[in-house]
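The chain that follows stands alone, in the form predicted on its own, written as structure tokens.
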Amino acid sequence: MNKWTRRTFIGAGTIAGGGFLLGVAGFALAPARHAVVEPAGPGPGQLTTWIRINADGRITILVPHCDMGQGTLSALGMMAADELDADWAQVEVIEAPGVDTYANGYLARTITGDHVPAVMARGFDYGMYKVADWIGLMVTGGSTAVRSTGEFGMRVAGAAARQMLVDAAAQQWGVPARECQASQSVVRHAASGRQATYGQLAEAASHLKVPTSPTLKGPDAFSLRRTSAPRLDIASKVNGRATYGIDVSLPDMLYAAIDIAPVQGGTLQSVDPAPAMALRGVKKVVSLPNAVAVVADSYWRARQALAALQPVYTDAGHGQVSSASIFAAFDAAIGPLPEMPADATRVVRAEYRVPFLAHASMEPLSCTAQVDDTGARIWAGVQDPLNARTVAAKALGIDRERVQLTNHLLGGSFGRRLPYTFDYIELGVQVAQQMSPTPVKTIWSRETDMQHDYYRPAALSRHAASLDASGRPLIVRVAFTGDGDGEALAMPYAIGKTESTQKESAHHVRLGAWRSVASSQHGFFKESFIDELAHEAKADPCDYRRGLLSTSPRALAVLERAATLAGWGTPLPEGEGRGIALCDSFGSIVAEVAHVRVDAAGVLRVLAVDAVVDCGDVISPDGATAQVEGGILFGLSAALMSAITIEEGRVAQRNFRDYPMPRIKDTPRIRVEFVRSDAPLGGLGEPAVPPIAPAVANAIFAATGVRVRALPFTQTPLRKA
């Protein structure tokens, strides 16, 4: 990969056989970076840039984000291709390689958005790129890809390429560029009837100056955006050609199964390798500081041999810890419910709790690595290739430049493969180092994956509010454990005064980001409590929220559309109820209405969920709908049945038999609508998760009078009160 520096001024590059490259630039055009393939550099077909146009008209768009099933590559490709006015049938979109050139500084734009002055935008983006390069950041997460890289990077790259192609055509024909129009990978001059394909113009365009501030399309000019263009990854996933990290196969490759200290923080004291070494196909037993691995000529043999071992681990002093003791510590840390003013006449108090949760990705963790005197080569699925390279280099004691990582499709992640959770990379390269130079694929069993996660934090939250005579909240106070100091009271409602206190309560269970992060807990807490205030005020829950949204027109529009879509207020049979919840997270506003039935025995069934989303604009309606549907089902699993519990310092759950997920029979009818607004682009991978648990809890209350304040709902008897 060609390096570029601040002194590398922009300019397009030609490629073998004609065509041009656009993508990596220096200070002047950071959002549309470009690099040139030098004659002595990478050979034909080596892709080093964001946009490549071949002489035959084929267009390749590289995206510095990974695919976890969310369709990011297609969405970002659409944003570039729309500005390019490309023929989608001629476009290929692939993930950019995990090298420093593709460090992603655009994540800062999820905070700054359009607030960076135009004259400073290119310098700001370049500066953020250098920061990302320095810390090794090429991350996909936080529902940021479309609203950062897409909006401020891919669009600009596409618009710049389109302008260069039009200018090239205008120069060849001797006509003003304003008289030329680009569409479907063809530039046309209507007055003379002349036209040329992008492939025919690519080489000439490559010699032109790259525009520093290309004109972006307005919404009325979108031709690909806002359509459900076919996702480019679906066919290979259906026919089996798609390669995930766990699918990697190399010549002469060995396999490793691994066992890790059951209590997090524990270390390996001793292990007798003899029982494993006596079995067929076993090559080596590898002892690591906190684990033992068996390397064999097949994964099955490695796993069978691993089961024959009896490793002894320390418990790091955590052997007496349990979920009960952790929550007892939470209780002591928070203390009594938040106090209300002495003159408060109507006070509502409530306590909510949620357990640890695992990510439970469909594809178990794996790392294929080959370590030799030249360095290390890794094949895996990660959410940040650059950070994963850093972790591997540190584990091996070599420079990051000597580590090459090939990232593959991820079979789900939900935060498990984010930076600082790359233990499976660290352990994988350490095992491979012991077998140098033979490549080794280390696979985590489902049990290992379930019991050695970076878990969604367990949390306890206590709420108190005083209401005026009409039932409006005068003050809301919250004290809680866990993450999310900024989330605890981030609501669109008009409340007189809000106060939150985050309490620390340390434990040994390692924590990580779980889909929607702190919003998943606080969405449940906040929207359950708002419903309790509505009940105290003797108001309809939807009307109560509506009355608190006079200064939040976007949220009000979403709420009202969701209520209408779900038929809010229409009669329901005995034992059925509707609940509503409204959450603002990751730049998007989502309202969900759950329709539930609770039978006489207290058995719950979620019948339907209606969701309305304002994420500013929608790139691909079909892809966006799938994201919302997936978020709802993911959140339902946490609400209905999933929980990680700690016993004797270790995780009690081992597999899906004791960490259940919703199945087809549990899936409600889901209906999704989008409300388009002029707000900046919001995220979609996570915002649908927070509202579902409170919507269902509120529906249960409407159906039974039972107020559920703890997840999962199986902890609370639901017989009608």
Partner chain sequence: MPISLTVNGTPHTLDLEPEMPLLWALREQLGLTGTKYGCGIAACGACTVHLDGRAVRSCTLPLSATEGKSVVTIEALAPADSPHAVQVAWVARQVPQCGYCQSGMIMAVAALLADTPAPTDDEIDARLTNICRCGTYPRVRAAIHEAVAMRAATVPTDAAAGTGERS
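Numbering follows the first chain given and starts at 1. Computed from a predicted model, the values in this text were never measured in an experiment.
A second form of this protein, the form predicted together with its partner chain, is not displayed here; the remarks below concern that form.
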| query | finding |
| --- | --- |
| Output flag, 414, 626 and 637 jointly within 4.5 Å of its partner chain in the model of the complex, heavy atom basis | yes |
| Candidate from 298, 223, 270, 171 lying within 4.5 Å of its partner chain in the model of the complex - any heavy atom | 298 |
| Sole residue of 349, 237, 207, 394 within 4.5 Å of its partner chain in the model of the complex, by heavy atom | 237 |
| Interface segment, criterion being heavy atoms within 4.5 Å of its partner chain in the model of the complex, picked from 314 to 322, 386 to 394, 259 to 267, 357 to 365 | 357 to 365 |
| is_contact(residue 242, its partner chain) in the model of the complex, heavy atom dist at most 4.5 Å | yes |
| Heavy atom of residue 443 within 4.5 Å of its partner chain in the model of the complex | yes |
| Any non-hydrogen atom of residue 652 within 4.5 angstroms of its partner chain in the model of the complex | no |
| Contact of residue 605 with its partner chain in the model of the complex (heavy atom, 4.5 Å) | yes |
| Neighbours of its partner chain in the model of the complex among 254 to 271 [non-hydrogen atom within 4.5 angstroms] | 255 |
